[in-house]
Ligand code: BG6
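Take a look at this single chain, the form predicted on its own, given in structure tokens.
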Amino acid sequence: MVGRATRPTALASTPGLAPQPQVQFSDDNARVSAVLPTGESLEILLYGATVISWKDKNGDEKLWLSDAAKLDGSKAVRGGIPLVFPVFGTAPDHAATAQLPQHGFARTSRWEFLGKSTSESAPGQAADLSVKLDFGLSSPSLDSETQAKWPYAFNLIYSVTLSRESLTTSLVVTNDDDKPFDCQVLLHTYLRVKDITNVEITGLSSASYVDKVDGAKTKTQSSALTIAGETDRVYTPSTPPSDPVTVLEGGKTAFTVVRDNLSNVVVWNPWTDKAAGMADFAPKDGFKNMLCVEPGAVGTWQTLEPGDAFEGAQTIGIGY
């Protein structure tokens, strides 16, 4: 378990080998960080298994994190990559998840660190170097109140892989119960941008979407997407998940987002009024520097029979 007093503070590379990724734990065992020999880094809270920092080789932060985000486990983190499971938003008309809080319990539960693995790299080369961190959450680890609200036996494995020019996050959901259950999954990624008014999102043309700012009307994206006000849309792209959704700034690629077995993409920016109304959103004009592009399976329910598993993933690439 992560909380063991005997856990080492660092998992170091073996002397004599080429430089390897370094993995460290905070003194209070509340977070784990990884650094590649080339400088890229990652930091993850065990609370929610929330990625709160991802920096490129130059030390530039790629994720937006609110200055007022609670990192002490008192509430879900505003920013980074919160995990949404087993419900997206709230579902008062869905009996099995009606009692759960918004976005479920994965983002507000303490996960167990399961271990790390690194890629092989030829001596003197780091092009293919990466480190994967695995986290686990299962029904016995939930508090009694949450177990009562969602009384299913399940197991979640969340893997975060840091490479030189990308970050991959994947979630495997397994039904360990003797009865089926429904669930939804979403990776609520907050990307950091320099100026939201200079951002364009491509890869969603011809996609249908539910516009949650306009009465949940179903519409079709006709061209590249720009953000000029509060935006909250659930897209169902018409292209395969392997076709990237691209975030451009000033016409240059800032991010590419490739999905694996996730049929939806949520695009969200709170803009002025919504940001002002969120106590943990700071600075209040921070919406100018963030854009949520959130791969998920939320357009319908994923029904898992006993013993079945569902896996979904995203790979976020960065441009230079």
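All residue numbers are counted from 1 along the displayed sequence. Keep in mind it's a predicted model, so treat the numbers as computed, not measured.
A second form of this protein, the form predicted together with this ligand, is not displayed here; the remarks below concern that form.
Which pick from Phe255, Trp268, Tyr47, Trp54 sits with a heavy atom within 4.5 Å of this ligand in the predicted bound form? Of the listed residues, the single hit is Trp268.
Tell me, which of Phe88, Phe181, Tyr235, Tyr158 has a heavy atom within 4.5 angstroms of this ligand in the predicted bound form? Exactly one listed residue reaches within 4.5 Å, namely Phe88.
Hey, in the predicted bound form, does Gln102 get a heavy atom within 4.5 angstroms of this ligand? Judged by the heavy-atom cut-off of 4.5 Å, Gln102 is in contact with this ligand in the predicted bound form.
Give a yes/no on whether Lys212 approaches this ligand to within 4.5 Å in the predicted bound form, heavy atoms considered. Although this ligand is absent here, Lys212 would touch it in the predicted bound form, with heavy atoms inside 4.5 Å.
4.5 Å heavy atom contact, Arg164 and this ligand in the predicted bound form: No, no contact at 4.5 Å.
Answer with yes or no whether Tyr190 is in contact with this ligand in the predicted bound form, where contact means some heavy atom within 4.5 Å. Yes, Tyr190 sits close enough to this ligand in the predicted bound form that at least one of its heavy atoms falls within 4.5 Å.
Please determine, with the chain shown alone, which of 245-253, 182-190, 143-151, 218-226 has non-hydrogen atoms within 4.5 Å of this ligand in the predicted bound form. Flagged stretch: 182-190.
Counting heavy atoms only and using a 4.5 Å cut-off, do Arg78, Arg107 and Glu294 all touch this ligand in the predicted bound form? Yes, because Arg78, Arg107 and Glu294 each have a heavy atom that approaches this ligand to within 4.5 Å in the predicted bound form.
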